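Next up is one chain by itself, shown in structure tokens, the form predicted on its own.
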Amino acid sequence: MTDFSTQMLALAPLLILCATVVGVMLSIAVHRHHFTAATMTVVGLNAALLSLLGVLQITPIQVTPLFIIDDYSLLFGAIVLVASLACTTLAHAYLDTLPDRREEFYILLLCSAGGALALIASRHFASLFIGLELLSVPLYGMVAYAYRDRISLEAGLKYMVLSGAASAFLLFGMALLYAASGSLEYAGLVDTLAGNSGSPWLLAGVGMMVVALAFKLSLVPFHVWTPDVYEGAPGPVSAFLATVSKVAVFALLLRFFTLAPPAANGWLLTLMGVIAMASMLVGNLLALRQRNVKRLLGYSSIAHLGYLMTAIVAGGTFSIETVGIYLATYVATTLGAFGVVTLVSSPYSGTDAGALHHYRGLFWRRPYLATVFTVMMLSLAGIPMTAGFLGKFYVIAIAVQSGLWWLVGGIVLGSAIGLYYYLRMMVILFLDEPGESRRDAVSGWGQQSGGIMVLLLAAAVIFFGIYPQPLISLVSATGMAGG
């Protein structure tokens, strides 16, 4: 096999997604058909996922100066593709009730997923910026896709403006790092600045990049957009934001901090620890006051990313395993939670079923759906025998191993606060049915693709909570190639 063909094989998942985008566009040009567009998207995502098995045989491999395809990028790429498949499945039933053109949604989703794959494999500032923008720009349209609903349009505009400001910070930080090192590659930072980690230009550049990426991850104090955007976005888009977007950006952040020693400056790592602690506490405390499920899940995601930041502050090879396991369990749980919200919302036009009273007595109407939601809340709370417990255990273990006792205290305190509002959400499901307005999933929801998916996610959350060894073995075999 020639070098060219090997590199094309390494890029196969991304190339397949690009070909699927073109195919969906052509199908729309010929004849608009919602089912056809959704089916082509699912086929393309599955083909990209299967192609990872072929890529696994040739890793690690550098593809141009821009990308490094290794086991690390394949692991997180697989998580992104699975999450994108789940969001596509949810979107098909959800968009059937939308009184507008629906097919373009799948083009936006595929483009954003492609940006996520590029971001995860990035080893150069050019590919970092292109991947991040390809991930983010389609999301502006996806968030505002139900634009006839004012809250959705407002969420899309808010996300676009603030995301543009974050991109400006990112570019300015890259410019400062280039001025200090003369290189746009992560490896260039290693070679040029190994003995100059205290350079003010370097610290300013890394700090501005951290600001931009912290916005994408909804870390405190760059979190203010999160609850509004989660509430206003259509249910499948909120799920995509909470999973695909977070996985891609966090995988990039971990690679950058692992491969670039200048980022390991003690003062900067302390700042990252403070951001992690603030995210744990602020996210959980603000969630206590929420009466909207989507806003509550938004604040919950802030807290969970705060927990995960502990792995970056701790550093070391164990951090890759910790992040892989935590993100895998977090993605499965979050998709299940937003999946229930989407199934309850999809038969209705207008605003999603977000208010807590919409779910009052859901167990007595849809017992299996309420059981799925209960499992997801228990997993988010980190209760034993759920996958969420495994992720929480790994985060605490790496913090203890590194002697970060103050962050251990933050994780324990944040988890205790979170337990209250997760249990409150569960109790609402089992209360008497209200006299006020409520929402309900359609009859036969368990026979629909979205219903089958959330049932499988619930089963996976319980399975890996009881028997986590397959997931641990898979993630522990993952390594990161040098820059």
Partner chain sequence: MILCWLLFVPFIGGLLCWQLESRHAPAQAPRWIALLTMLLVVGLALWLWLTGDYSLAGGAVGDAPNWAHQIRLPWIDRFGISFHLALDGLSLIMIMLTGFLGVLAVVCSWREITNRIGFFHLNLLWIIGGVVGVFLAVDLFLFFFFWEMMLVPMYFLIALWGHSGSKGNTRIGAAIKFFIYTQASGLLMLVSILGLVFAHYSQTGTFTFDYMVLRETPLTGTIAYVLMLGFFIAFAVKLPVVPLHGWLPDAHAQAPTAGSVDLAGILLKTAAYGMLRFAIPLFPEASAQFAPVAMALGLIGIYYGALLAFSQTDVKRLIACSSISHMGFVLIGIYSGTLLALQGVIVQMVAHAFSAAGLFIISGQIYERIHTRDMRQMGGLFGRMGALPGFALVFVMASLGMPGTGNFIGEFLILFGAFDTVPWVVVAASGGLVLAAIYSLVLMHRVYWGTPKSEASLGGLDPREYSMMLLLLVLTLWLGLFPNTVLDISHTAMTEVTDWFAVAPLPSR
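On a predicted model such as this, the values are computed, not experimentally measured, just so you know. Numbering follows the first chain given and starts at 1.
Keep in mind the form predicted together with its partner chain is missing from the figure; the text below concerns it.
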Residues Ser5, Glu133 and Val211 all lining its partner chain in the model of the complex, heavy atom within 4.5 Å
no
Even though the partner isn't displayed, in the model of the complex is Trp405 close enough to its partner chain, meaning a heavy atom within 4.5 Å?
yes
Is it the case that Phe172, even though its partner is missing from this view, gets within 4.5 Å of its partner chain in the model of the complex, heavy atoms only?
no
Asn292 within 4.5 Å of its partner chain in the model of the complex, heavy atoms
no
Ser415 near its partner chain in the model of the complex, any heavy atom under 4.5 Å?
yes
To test your reading of this chain, name the stretch in 332-340, 118-126, 367-375, 228-236 whose heavy atoms come within 4.5 Å of its partner chain in the model of the complex.
367-375
Residue among Tyr140, Tyr186, Phe257, Phe389 with a heavy atom within 4.5 Å of its partner chain in the model of the complex:
Phe389
So which of Ile383, Met272, Leu74, Leu98 gets a non-hydrogen atom within 4.5 Å of its partner chain in the model of the complex?
Ile383
Considering only 451-472, what residues come within 4.5 Å of its partner chain in the model of the complex, judged by heavy atoms?
Gly465, Ile466, Tyr467, Pro468, Gln469, Ile472
